[in-house]
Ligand SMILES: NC(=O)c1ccc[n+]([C@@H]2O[C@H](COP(=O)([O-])OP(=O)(O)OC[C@H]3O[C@@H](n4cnc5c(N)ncnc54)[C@H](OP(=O)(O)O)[C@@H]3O)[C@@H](O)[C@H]2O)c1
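Next comes just one chain, in structure tokens: the form predicted on its own.
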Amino acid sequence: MLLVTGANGHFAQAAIENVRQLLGPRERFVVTTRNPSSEAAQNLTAKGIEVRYADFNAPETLGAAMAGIEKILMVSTVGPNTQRFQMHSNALTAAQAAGVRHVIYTSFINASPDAITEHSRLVHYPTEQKIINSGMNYTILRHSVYADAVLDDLEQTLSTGIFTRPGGERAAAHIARDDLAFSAAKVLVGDGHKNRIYTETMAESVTGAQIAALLSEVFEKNIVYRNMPVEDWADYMMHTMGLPEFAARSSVFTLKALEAGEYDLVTSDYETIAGRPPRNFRRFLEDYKSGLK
């Protein structure tokens, strides 16, 4: 039996839909969430998907959630970085005890003990190490920065004509969240990819000015890039994008890593998994715009 965790999250929702399409209507799989009464979870139940309760902060809930599972897509949790590794550790311990054979984990580009990005250092790298040393088969999917982050303040960008970010002088190979959800579903449903670490990126790196130029062309407005001091980024995210403080503070390290050029890395790993190339930034923006109409 296959399992997708974090069923109420945006990434997991997209991955679940891809799993449904890849498996077909007669194949069963399981999802877990700490809020099985949510509208999203109820919609999954209505589609015939088994929804189980699991709270990574409550190890006593995880045994029943993992029962009968052979392969897991473990979507990294949301929360303060000081707490997330323990949550992942609880889930992995339960998976080992339940006899899970293969764990697929959504990590982050350049995860290492010395990474500038806080969640890479405190969450993803130690989680990767626990998985690798668990005795279970693994596939680690290191995601590049989401292209979707450009959409978080798109309304303000279009109204002011200014696309503002720290670090935009450096290029980064972003990738769309929905593309990553497709490749994760392919690994979960398919065979192979055992004991592999992949880094998934677009096929090109772009700077802040290049993103602004693409926004201008796609949305037919004059958009320019303006650098923002990294020290101002957390307040901008909280007040403009409405992010919680823990996420905004963590993202400062992500932008410092961008300034250091850590995300200027292009690989073909996505196409290796998905069997098709990732969308480039223009196509991503065009698809988003068409979805508005």
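Predicted, not measured: the structure shown is a model, and the values here were computed from it. All residue numbers refer to positions in the sequence shown, first residue = 1.
Heads up, the form predicted together with this ligand isn't pictured, but that's what we're talking about next.
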Heavy atom within 4.5 Å of this ligand in the predicted complex: which of Arg165, His193, His143, His102 fits that? Just give me the one. His143
Assert contact residue (this ligand, in the predicted complex, non-hydrogen atom within 4.5 Å, options Arg34, Lys256, Arg249, Arg226) equals Arg34
In the predicted complex, does Phe11 come within 4.5 Å of this ligand, counting heavy atoms only? yes
Contact of Lys71 with this ligand in the predicted complex (heavy atom, 4.5 Å): no
Would Phe108 count as touching this ligand in the predicted complex under a 4.5 Å heavy atom rule? yes
At the 4.5 Å heavy atom threshold, is Asn57 in contact with this ligand in the predicted complex? yes
Given 130-138, 143-151, 212-220, 183-191, the stretch touching this ligand in the predicted complex at heavy atoms within 4.5 Å is 143-151
For the stretch 69-97, which residues lie within 4.5 Å of this ligand in the predicted complex by non-hydrogen atom distance? Val75, Ser76, Thr77, Val78, Arg84, Met87
